[in-house]
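Below you will find one chain, with nothing else, as structure tokens; this is the form predicted alone, and questions on how it binds or moves follow later.
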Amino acid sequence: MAHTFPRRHLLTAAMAATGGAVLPATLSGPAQAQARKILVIASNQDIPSFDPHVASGYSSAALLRNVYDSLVRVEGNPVRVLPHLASSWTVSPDGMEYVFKLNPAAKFADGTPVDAAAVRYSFSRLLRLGKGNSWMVAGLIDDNSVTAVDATTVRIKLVKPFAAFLQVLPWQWIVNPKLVEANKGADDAQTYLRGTIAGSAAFRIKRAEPGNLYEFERVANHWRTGGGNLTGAIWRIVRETSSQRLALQRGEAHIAVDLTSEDMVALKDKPGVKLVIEPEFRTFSIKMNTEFGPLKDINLRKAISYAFNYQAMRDTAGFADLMVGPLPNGILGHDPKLAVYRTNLAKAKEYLAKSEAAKGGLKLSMVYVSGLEQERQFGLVLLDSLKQIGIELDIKAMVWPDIVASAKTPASTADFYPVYQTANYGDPDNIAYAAYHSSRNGGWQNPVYHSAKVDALIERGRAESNEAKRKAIYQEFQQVVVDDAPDIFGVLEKRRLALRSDVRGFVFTPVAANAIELFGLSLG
């Protein structure tokens, strides 16, 4: 990492941030008040990489949106697309060309202007690597699409229509070409950017202790004006949700982002605590390894889909509804009347009899994020459900980076792989493409599932500009996916966040809500 510091320094800062009595002897008066503007966020997810064109997942999004900038940003409920690096933009009548005027004040941390050439460079690197959030623009733009008209004007020509293009741009980060090129090495600077920031945002990483915490520090005299009074923030890894809850109650954390329904009930009416329970396009499904091992057998997948105790999952989830197919309720094209699997042991045994598992003695595996109690409980529901048809289940806790790594090949992917899919934009393409398109294979969102028919439907859906036609395409997509039974379609949980009452400026946004944006927040 670019910066490492003794843990003693961090503990002092954390105590100051949370109102602890112990402060460095050298801090007093205004300096002491300054130290108290450090926000502490409790999360159970580590951050596997700082590379803005490689990393994905909510913990990575939380880091990237605070140390890198994008052309536009999103905020509010309903979600609004707002200026960021681009102060304004125009769209051609056919929706195929976007012209962005950059804010001339924008500068990278080393003082280099954020110009149109940097925007072009960043999109080119994103497409070259084909990792991270590149799936959002893959097939929509190519290396000739982004043009630097002049220093502060960027033109982007789409290869094919995509109605949600502005909504995906907040997650396409702009890097400093000067730094990246100087450290390009043999892997396009992936080694360099894994632990170094080359961004223009209002915060930088002051300290990184993988598995423990990441400390943000506000950039002095930043080009972006306004915002809250935070001088810094700490992303603290707290594996157990009950520990997150207790840290919040004791004032040791200001925001907890992974709480269960039981935690939220326990926090109700607690002094100094504010609860956020809001609907969003967030699915939870248990993916099955359709490519390697026993679950390649569609009959076994259907047997498990019918054996699963959906009501037990719903009861365990608390603030949630059952999923009706692969898309979240209420999103464009979702079919609320779709015929989906529900608990039916007779049908489960019927399909089991058609499978190799009918011989008996089958033991399957499931992984879940260490400390994420909700996932562990869902695993227990699956374990009990499989017992009903004579199948054993081994449940293993793993830290998030190891789970991400395990998804790289079918052979290393567990039989059951639970995934939360949180929409970064309110369009069916977000969930459909990320969770079911074969180009995502090897990534945590869709480790193994692939279907030529499903791919074709997804590609038609994202290219179609007519809303009625798009709805029809996504309704067919849902039916084909359900028939293939690649997942146990689980629950749509409401977003559960808890904040200390002295956190000001928080605005709930139903996309990436647990990837907290620091800029507008204040303490006190």
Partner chain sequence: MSGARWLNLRRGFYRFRRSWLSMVGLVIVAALVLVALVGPALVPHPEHVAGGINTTARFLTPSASAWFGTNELGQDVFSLTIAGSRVSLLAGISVVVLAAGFGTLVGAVAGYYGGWLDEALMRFTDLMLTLPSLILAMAVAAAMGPGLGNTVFAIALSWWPGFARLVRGEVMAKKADTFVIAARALGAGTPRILGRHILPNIASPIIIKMSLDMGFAILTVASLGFVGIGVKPPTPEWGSLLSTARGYLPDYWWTAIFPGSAIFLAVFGFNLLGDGLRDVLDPRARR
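Rigid core here is just the name for the largest C-alpha set that superposes within 1.5 Å across the two forms. Residue numbers count along the first chain shown, from 1. Only a predicted model underlies this, so the values are computations on that prediction, with no experimental measurement involved.
Here the subject shifts to the form predicted in complex with the partner chain, a form of this protein not shown in this document.
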item	value
Heavy atom contact within 4.5 Å of the partner chain in the predicted bound form, the stretch among 335-343, 177-185, 371-379, 286-294	371-379
The partner chain contact in the predicted bound form: Glu350, any heavy atom under 4.5 Å	no
Partner proximity in the predicted bound form: Asp110 to the partner chain, non-hydrogen atom cutoff 4.5 Å	no
Partner contact for Lys396 in the predicted bound form: the partner chain, 4.5 angstroms, heavy atom	yes
The partner chain contact in the predicted bound form: Lys387, any heavy atom under 4.5 Å	yes
Position in contact with the partner chain when the complex is considered in the predicted bound form, options Ala266, Ala164, Val79, Val219, heavy atoms within 4.5 Å	Ala266
In the predicted bound form, the residue from Ser242, Ser355, Ser124, Thr147 that sits within 4.5 Å of the partner chain by heavy atoms	Ser242
Residues in 316-330 with any heavy atom within 4.5 Å of the partner chain in the predicted bound form	Thr316
Asp115: Cα shift of 2 Å or greater between the shown form and the other one (core-aligned)	no
Core-aligned CA displacement of Asp150 at least 2 Å between the shown form and the other one	no
